[in-house]
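So this first bit is one chain, no partners, the form predicted alone, shown in structure tokens.
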Amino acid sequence: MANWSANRPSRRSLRFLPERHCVEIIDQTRLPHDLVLVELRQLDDYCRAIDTMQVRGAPLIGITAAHALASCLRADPSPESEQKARQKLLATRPTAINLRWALERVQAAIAEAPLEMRAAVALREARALEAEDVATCEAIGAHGLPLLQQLAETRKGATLQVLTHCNAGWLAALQWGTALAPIYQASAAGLEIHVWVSETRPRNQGLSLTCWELADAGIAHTVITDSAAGHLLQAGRVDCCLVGSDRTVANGDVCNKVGTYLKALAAQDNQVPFYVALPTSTIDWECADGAGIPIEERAESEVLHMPGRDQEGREASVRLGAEATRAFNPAFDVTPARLVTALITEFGVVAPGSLQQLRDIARSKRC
């Protein structure tokens, strides 16, 4: 519990280093075995970090992209340089809407700035996005906490059992995360809580990242294979599901790490609440339903090979499939709004069908 405080996780997934004019990230591809910090300086560094998932999670991808654009403008503040950088960044991860949203925020901020001020204005906007993310995720945790407290009351002293998928903690944001924020706050409030963590094949973000976070915070957890989630739900060993979102669209459909849809189906069949925690920046108001979301397809090697460490502690990659075997590797799937019990946002808990009301609330808060 050395790295846990009653207020928030003490680490940060990204830090701006003003004296070096760069950002420092945790290389998430090295977890859980090594905590490695990497500096991003050039546009190619940022694009590589996003593309290879050294940084991942919708909120963190957006913040990283904003810093990338600011860095690019520091080297060349011209509109042509900005346009090329934006296109290159947008191509790295097509599904996570926060990437586009953050770049549009920076673009709007620098629109009227003199050429010599564009880099400074872009950096100021990127730092503002950092601060907003911490406050937003803390608010998500505060709004999600009563849901967990209510469920805990029905347990009559027994440990609350929460099932999550992939990683939606501070590694996916800055200091709180989305789906893990209510869990962190519940733990700080004294709730006895246990988290079932699905491994999240093929990149194993649940096993490698979420378990690492929860262990760091001293929160009880158990990893399960992805295919075991339905059994747990059917056996009555889960009180609620709590996941994040990479893009939620206007009708309330939720796009998240592949495997989320199957958990939502099993949760509905067993009358278990299925909650999605997300900042409103993850909502794509221009997309009518989940059918319009571009689903990223990643390399088949992620499925056919398993990275890890051998008995001597050396990094190794083992091929799982036969040489002639091919793999299909979609990174995300879409959970229809009808399977979602509620959305937990920084402005409160809403039904998936009430997003227009949420949009009005968000606009009024920001005016």
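Sequential numbering from 1, following the sequence displayed. Keep in mind it's a predicted model, so treat the numbers as computed, not measured.
Just so it is clear, the following notes concern the form predicted together with another copy of the chain, a form of the same protein that is not shown.
Next on the checklist: If the criterion is a non-hydrogen atom within 4.5 angstroms, does every one of Leu14, Lys88 and Trp285 touch another copy of the chain in the predicted bound form?
Outcome noted: The answer is no; none of Leu14, Lys88 and Trp285 reaches another copy of the chain.
Item to check | Candidate stretches 22-30, 59-67, 40-48, 305-313 - the one whose heavy atoms come within 4.5 Å of another copy of the chain in the predicted bound form | outcome: Result for this chain: 305-313.
Checklist entry - another copy of the chain isn't shown here, but in the predicted bound form which of Asp76, Glu132, Asp289, Asp226 has a heavy atom within 4.5 Å of it? => result None of the others qualify; the residue that does is Asp226.
Checklist entry - Within 4.5 Å of another copy of the chain in the predicted bound form, heavy atoms considered, which of Leu207, Ala152, Ile219, Ala109? => result Going through each option in turn, the one that passes is Leu207.
Item to check | 4.5 Å heavy atom contact, Arg127 and another copy of the chain in the predicted bound form | outcome: Outside the cut-off, so no.
Checklist entry - Heavy atom to heavy atom, is Ala120 within 4.5 Å of another copy of the chain in the predicted bound form? => result Result no; Ala120 lies far from another copy of the chain in the predicted bound form.
Checklist entry - Using heavy atoms and a 4.5 Å limit, would one call Trp196 a contact residue for another copy of the chain in the predicted bound form? => result Judged by the heavy-atom cut-off of 4.5 Å, Trp196 is in contact with another copy of the chain in the predicted bound form.
Checklist entry - With the cut-off set at 4.5 Å between non-hydrogen atoms, does Val334 touch another copy of the chain in the predicted bound form? => result Residue-level check for Val334: yes, a contact with another copy of the chain.
Item to check | Residues of 106-121 having any heavy atom within 4.5 Å of another copy of the chain in the predicted bound form, listed in sequence order | outcome: Nothing in this stretch is in contact.
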